[in-house]
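Before any questions on how it binds or moves, here is one chain, the form predicted alone, in structure tokens.
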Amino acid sequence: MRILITGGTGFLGHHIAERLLEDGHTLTLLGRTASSNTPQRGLFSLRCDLRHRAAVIAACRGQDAVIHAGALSAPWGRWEDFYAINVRGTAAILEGCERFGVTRLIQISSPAVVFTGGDHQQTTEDAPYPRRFSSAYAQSKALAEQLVRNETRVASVILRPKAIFGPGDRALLPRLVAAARAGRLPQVGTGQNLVDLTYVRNVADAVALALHRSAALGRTYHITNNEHVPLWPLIRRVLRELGLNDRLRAVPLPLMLAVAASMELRAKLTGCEPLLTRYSVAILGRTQTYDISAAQRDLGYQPRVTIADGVAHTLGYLRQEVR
């Protein structure tokens, strides 16, 4: 197939491209920066911002499928930016797919769209959106999902991978490591919360499956490693492996949420990004596990790389980055 991957020059897009090249597809990687993939046959790069509507629409010409992985993913920012990139960018992709007869759209979303800020245990895809979203990012991705669901002329599948990590990640583990290195990483809450993580190669496998499974059309799927991991013991293990102090001071979750709320208020007055947000605190302090039985049934999805192996691969990458 000829496939356009938005966000193709980023962390997830890079791994999706590597996976799909193995299947012999011809790929065009759309991103704001140059591709880090080694130039090779069947791989093209296109520099484009998702806010450039006409260019995004034109990029869909001649494609059999589009994997829409590009997004503004951040715990803080201006609503106007989230809306322009995540919502209007998705609208442009849908228009391009319809105009040029693209036969399959894979929309990469997030379980953040149903995150209430409380504990989630084996949450399924039919959980409703909350009345109040936990972040501007979550709200914008929910609006993007609604656009995709309401577009009946483009065959689509929505995937919601949870907490993607792996070599090349600059958001999840690297941010925690940087905070620990600076002496600014407390344990949020009791340290007993369980979370679902997803190794990036497993997400790429789910995308490859969604391209061909007719039973998945029009449906939404949570994607995880299907291992409910105690978060803080895992964080401590990563810190020890990197030679960092893993004796973290425990701070009660309600206190951390109050501190984050005051930082958010100050950020609104100063325009500077806060060190903490209530969303990021809740992500670190709440249990978040998600049911993937629908993806197993309809996609035939089974995570091939375990959390343990994925962490080992990621630690090797992080050590190289330090050197």
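Start at 1 with the first residue shown and count on from there. Predicted model only: the values in this text are computed from it and were never measured.
The same protein also has a form predicted together with a small molecule, omitted here; what follows describes it.
None of 96 to 104, 156 to 164, 209 to 217, 244 to 252 except one has non-hydrogen atoms within 4.5 angstroms of the small molecule in the predicted complex; the exception is 156 to 164. In the predicted complex, no heavy atom of Y301 sits within 4.5 Å of the small molecule. Contact annotation for L12: at least one heavy atom lies within 4.5 Å of the small molecule in the predicted complex. Interface residue remark: C48 is counted as part of the site for the small molecule in the predicted complex, having a heavy atom within 4.5 Å. The closest non-hydrogen atom of L30 lies within 4.5 Å of the small molecule in the predicted complex. Among the residues S110, N202, S134, N226, the one placing a heavy atom within 4.5 Å of the small molecule in the predicted complex is S110.
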